[in-house]
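We begin with a single chain expressed as structure tokens, specifically the form predicted on its own.
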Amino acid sequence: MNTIGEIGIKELASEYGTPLYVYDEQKLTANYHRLKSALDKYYTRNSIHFATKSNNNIEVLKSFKKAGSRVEASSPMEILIAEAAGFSGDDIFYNGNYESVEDFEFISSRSSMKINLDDISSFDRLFKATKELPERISFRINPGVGRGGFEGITTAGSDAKFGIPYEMAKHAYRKAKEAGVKRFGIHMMTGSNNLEPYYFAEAVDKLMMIAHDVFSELDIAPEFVNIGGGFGVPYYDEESELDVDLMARLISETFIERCQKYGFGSPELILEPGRYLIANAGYLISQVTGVKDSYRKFIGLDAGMGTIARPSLYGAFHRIKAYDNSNPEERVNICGQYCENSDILAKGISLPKLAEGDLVTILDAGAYCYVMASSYNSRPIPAEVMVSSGKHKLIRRRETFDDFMNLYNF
């Protein structure tokens, strides 16, 4: 692999150094329009809120705003980042968990946002933080089941930390209604990186049944139904892409049928994807810093667990491509420079023979990569670059020693 968005990888590495995150604006925009067009075909009252947690670069958020997306935020800082990118009010869907009273003091000052609560205790802290409750809230429901591409990213089920058990949902909404909340939505996110279209229709069906059980008894109806994210991308060559059109049709048919059956009218259908929109539009360019013939053959990179944490954190896999693929292939382990034996990016993969100074590109690095980067071992967090229409620009500079020092109070 030697280009990203028509720009040579060597040119990018030479200009900005390595390791380096690079985003292809045209690809992320195409991802958004593909999903939005599929939804519009089957149910027009929908909105997509890009999950800021997956990639919080302000220029990335601006690109999504330009494409027509809204945004989802999971912390007060992400709300501020979204506002800095130009989002405001109803364009922001807040969806956090285990917030402090101080968090809710900030969140409640943005009452025009859609505010989603993770638990009944979250409502109690919100009530404590503000004298005037928001007019509209929703609760995140845990249906008791969930599925994820890796165990560490499953977001529902009996072992998940998220959401109100569906058996307690009615109590949560009754409490909010009795406290004076007038308008309601409902939210559920059951997994992450799913590639099976039918799974999402099943999740919608489950959520709508729970909504009917809750709202029919309390004589209220949802203004919106947020089915979360979890829309997957292939991380392996043998995986097929998610059939977005089929998924949108199945979701919409189930949603419309249940709305009609339960008398919900036409509530807004909300999705909050992150990975699907940005993962394959992001790349991590890295340079080979060492080659070791040990009990295994190790290729050391200047990128590692502090640069891209997902492999060491929960066993995620990212494809790695060599700049020069003309050499014969060999099986190697890819590692970084961090002083942990878990600093392994890939085990036993086949790559063309590499030498010190060679470039490799780690694919599908747009989501949950830079945002998880750390300065462990005091190694600086990389720069980020956007490429678009044959041009490239720095959108976040590399961390420096001065950045470290500026945090100290001498």
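Since the model is a prediction, treat every value here as computed from it, not as a measurement. Numbers for residues come from their place in the sequence shown, where the first is 1.
Although not depicted, the form predicted in complex with another copy of the chain is the subject of the following passage.
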With the partner omitted here, the residue among Ala169, Ala248, Ala176, Cys335 that in the predicted bound form has a heavy atom within 4.5 Å of another copy of the chain is Cys335
Assert contact residue (another copy of the chain, in the predicted bound form, non-hydrogen atom within 4.5 Å, options Thr289, Ser266, Ser112, Thr130) equals Thr289
Whether Ser121, Tyr314 and Lys347 all lie within 4.5 angstroms of another copy of the chain in the predicted bound form by heavy atom: yes
With a 4.5 Å heavy atom cut-off to another copy of the chain in the predicted bound form, the contacting stretch among 323 to 331, 226 to 234, 251 to 259, 122 to 130 is 122 to 130
Residue contact check: Glu6 to another copy of the chain in the predicted bound form, 4.5 Å heavy atom: no
Any chance Asp103 has a heavy atom within 4.5 Å of another copy of the chain in the predicted bound form? yes
Give a yes/no on whether Phe298 approaches another copy of the chain to within 4.5 Å in the predicted bound form, heavy atoms considered. yes
Wondering, does Gly163 line up within 4.5 Å of another copy of the chain in the predicted bound form on heavy atoms? yes
